[in-house]
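Shown next as C-alpha cells: one chain only, the form predicted alone.
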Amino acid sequence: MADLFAPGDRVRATSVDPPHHTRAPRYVRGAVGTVVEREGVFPLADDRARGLPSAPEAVYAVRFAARELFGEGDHDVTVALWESYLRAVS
C-alpha cells in the first residue's frame, strides 16, 4: 500500500463532523498542517469503535501552527491522523 502523503506535504484535515466516534479532534477539522512523518499502519479507530471491520491505513503525524487552530500562539501542535482524515493542499 503506497502512502498518499510524505513528510513536508501540506494537508487539510477533514471538516466532517460524523455522528459517531472519531479520532479526528474537533480543533483540527478544516485546518491546514504539514505532514511530519508516517507513524505506521493501523485499522481506522472510527470503525473499530463501532464494531465494524476496518482495513488498515496509514497514520501520519501532522503539525499545525497554533495560530491556525486557535487564532493565536507561537507554538505548533502535532496530531496523529489517519490518512482518510486528510486531503492534499496544492
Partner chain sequence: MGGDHGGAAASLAARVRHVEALLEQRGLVDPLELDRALEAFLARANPDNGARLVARAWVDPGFRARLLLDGNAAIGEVGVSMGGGLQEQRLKVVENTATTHNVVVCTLCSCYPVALLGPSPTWYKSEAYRSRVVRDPRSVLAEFGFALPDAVAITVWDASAETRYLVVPRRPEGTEGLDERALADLVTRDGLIGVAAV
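Everything numeric here is computed off the predicted structure, so don't read it as measured data. Numbering follows the first chain given and starts at 1.
What follows is about the form predicted together with the partner chain, which we do not show.
A.B. asks: Quick one: is Thr22 in contact with the partner chain in the model of the complex, heavy atoms, 4.5 Å cut-off?
C.D. replies: The answer is yes: Thr22 has a heavy atom within 4.5 Å of the partner chain.
A.B. asks: With a cut-off of 4.5 Å between heavy atoms, is Ala13 one of the residues that contacts the partner chain in the model of the complex?
C.D. replies: Answer no; every heavy atom of Ala13 is more than 4.5 Å from the partner chain in the model of the complex.
A.B. asks: Classify Asp76 as contacting or not contacting the partner chain in the model of the complex by the rule of any non-hydrogen atom within 4.5 angstroms, answering yes or no.
C.D. replies: Taking the distances in the model of the complex, the answer for Asp76 is yes, it comes within 4.5 Å of the partner chain.
A.B. asks: Heavy atoms within 4.5 Å of the partner chain in the model of the complex: does Ala31 have any?
C.D. replies: Taking the distances in the model of the complex, the answer for Ala31 is no, it never comes within 4.5 Å of the partner chain.
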